[in-house]
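Same chain, two versions here, written out as structure tokens and called structure 1 and structure 2.
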Structure 1
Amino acid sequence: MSDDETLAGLLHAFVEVELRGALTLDDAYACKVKYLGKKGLLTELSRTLGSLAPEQRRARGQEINEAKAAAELAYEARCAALKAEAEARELGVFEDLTWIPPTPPGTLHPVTRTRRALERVFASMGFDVVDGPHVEWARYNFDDLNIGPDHPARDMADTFFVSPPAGSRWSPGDLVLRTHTSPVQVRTMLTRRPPIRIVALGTVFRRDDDATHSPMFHQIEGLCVDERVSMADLRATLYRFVSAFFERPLEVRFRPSFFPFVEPGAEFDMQCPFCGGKGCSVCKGSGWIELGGAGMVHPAVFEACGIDPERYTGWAFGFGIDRMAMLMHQIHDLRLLFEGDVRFLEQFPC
């Protein structure tokens, strides 16, 4: 093999074999040392120039220098390519700036689920679903519901009163954060004529805060006004509701009680849906679960709303949506519904 073939072969081996096979910068540098270092293969050829005739030495030296320059360029090009590949790997995760990491799907809050389920059941029974403002006139919240000025419910310890704007003609006691959803019944009777059949669901506010009470909670109120409406209709409606909501026949019972806006009034209980009335930890062994209050609309409420109590009768009921959510999901502390703890909410997937 001639010296030209040796030089070309070494250059080819360095560029096409050694550098192409280098996967890291350290591999490429090792190739450079092997061929271009002080004891490298191409460097060794330079030491053979002394054995050549003077007329050949110059041309041969130029060929070797050109081969070394080509090898240097090939080495630099391979290093640049390896650096670009490394940067591409590092930046690959962020290449698509619009990509959003997958997150677990969101779910409905247990109170929202319960509220929507209640709306569906009562809508299927022919009730209109209505709502009203959170900041309410004290007249609608108390007076028109036969709750007089001296009633304990109007005490500052129970009610959030809203301060009127400066220079307003309103008095400090005119506006409140509604303490129940019953004002929606008043608003409805003031704007509609019987027959009326509505349910009102929404947020209400009272000065309570413990394991079973919250300063903000959710209620549902039902109202039916028509000719010859009776307590029997009320009981039948509540029986149909609890049986439809819990998807099994459940009994309803009344216990006499007093509420200013109904006469007669009653607390109503439902047969425990978890034990069928046999007694369990949810119903505390009684077989019954207290739901809320109900009764026949007081004639004074009809008069305040412009409805003739001699012609029309009506009944109303109300209970807590949060209480119903706690029953459905067996939640022991009401405050868990309002704290926004993701660990709690993750227990209620779709």
Structure 2
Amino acid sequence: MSDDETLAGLLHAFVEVELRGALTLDDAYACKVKYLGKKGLLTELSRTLGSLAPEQRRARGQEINEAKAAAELAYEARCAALKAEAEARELGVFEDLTWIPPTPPGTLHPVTRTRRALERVFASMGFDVVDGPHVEWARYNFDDLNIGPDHPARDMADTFFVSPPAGSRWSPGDLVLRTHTSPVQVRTMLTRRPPIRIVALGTVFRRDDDATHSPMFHQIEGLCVDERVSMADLRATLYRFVSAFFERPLEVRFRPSFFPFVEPGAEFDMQCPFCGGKGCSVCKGSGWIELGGAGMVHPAVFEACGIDPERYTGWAFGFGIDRMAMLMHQIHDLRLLFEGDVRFLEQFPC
């Protein structure tokens, strides 16, 4: 075998066999080391030059250098091809991202959600948020609110009475489950001096259980006591509240009504927030939605709480949180609120 054949054979073996057989950049580099490394097969050929005649040496040297240059080029080309292949392979992969295990958000109960929204609005209007006990003195729930033992208004609140603890000096009839949040008014007026601006939100109880009543429900109550507080201020406050709560200006109107602890007393309606008063299915075409009761604190209540009714006047209002929640979320059946079906609860994620 001539030297030419050896050189051509090595180059051929490197380019056509080994490099072509290399499937990774590491393989290709190993081939390069095998032929072009310090002890590579092509590199070794240069060492045979010393045994050649000078004129032959130059020619042979040039041949070898050309072969090595060709080998380098072939190596670079193979590397480029392999990189391209690898890239194509990586991008050719399909990853199925179409199915993610659900992580459903938790939810707040619509009553909590509404209660918080109410607290936010009233807090921003300068009202302090307070609450009181659920098991309450009949005195605070009734008597101090101008609802005496024989007052027919005790019919209006069908009351759960709580048995006094055995051996206590209290009699049956002294303790009740509060029928409204109004005893919080009494508690506040007994413990704070005017000016008073509070809202009380909480659970209340009545012996009533049908499609539209639950024996337990939730109320909000507002109270303002100061010198020269007027009923016009009550109307202005309720207007500010409904407009802030529904984030649009909504009229408030009063209809005369009766609650023993206020005088004058009224029921108040707001312009329907869903149609702006034009009439829709929610407001049954009337443009108005009934909210709750309101009025000027009865002087008898002030007297029971040790506040001078000549010096101070005040107003109070109250309405149902559950009803407001039902209105906000268009829930038509009160019973859904308290039975705990997750398919209902999970509908209030935000």
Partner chain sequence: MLISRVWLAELLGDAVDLAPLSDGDLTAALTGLGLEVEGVTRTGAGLETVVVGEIVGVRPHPDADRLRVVDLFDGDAVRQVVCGAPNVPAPGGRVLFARPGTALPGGMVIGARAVRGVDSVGMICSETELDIGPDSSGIVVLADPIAPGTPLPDAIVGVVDTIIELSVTPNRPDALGHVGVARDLAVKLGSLWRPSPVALPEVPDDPGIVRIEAADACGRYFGITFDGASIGPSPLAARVRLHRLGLRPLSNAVDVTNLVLMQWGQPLHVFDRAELGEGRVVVRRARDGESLRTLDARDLSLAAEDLVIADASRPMALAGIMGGDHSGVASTSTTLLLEAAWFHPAGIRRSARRHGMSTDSSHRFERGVDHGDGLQGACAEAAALLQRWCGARPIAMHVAQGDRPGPVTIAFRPARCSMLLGMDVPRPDVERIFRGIGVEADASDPASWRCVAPSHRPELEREVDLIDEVVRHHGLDRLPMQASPPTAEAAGSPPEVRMRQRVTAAIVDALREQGLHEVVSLAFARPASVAATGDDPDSPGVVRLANPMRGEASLLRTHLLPGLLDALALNVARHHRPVTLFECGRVYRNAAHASGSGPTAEIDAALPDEPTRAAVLCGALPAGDPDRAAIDPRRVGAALLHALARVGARATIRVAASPMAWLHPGAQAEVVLDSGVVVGRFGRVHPQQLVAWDLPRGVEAAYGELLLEHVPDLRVPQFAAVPRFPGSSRDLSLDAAIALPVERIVSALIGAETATITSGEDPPRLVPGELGRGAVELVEDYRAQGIAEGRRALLLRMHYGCRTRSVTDTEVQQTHEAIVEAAIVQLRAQDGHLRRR
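Residue numbering: structure 1 sequence, from 1. Under this definition, the rigid core comprises the largest set of C-alpha atoms superposing within 1.5 Å between the forms. Only a predicted model underlies this, so the values are computations on that prediction, with no experimental measurement involved.
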(request) Just flag whichever of structures 1 and 2 is the form predicted alone. (result) 1
(request) Kindly check if the Cα atom of residue 24 is displaced 2 angstroms or more between structure 1 and structure 2 relative to the superposed rigid core. (result) yes
(message) Taking the rigid core as the reference frame, tell me whether residue 75 has a CA displacement of 2 angstroms or more between structure 1 and structure 2.
(response) yes
(request) State yes or no: after fitting on the rigid core, is the Cα displacement of residue 42 between structure 1 and structure 2 at least 2 Å? (result) yes
(request) Mind pulling the C-alpha shift for residue 85 between structure 1 and structure 2, with the rigid core superposed, in Å? (result) 33.9
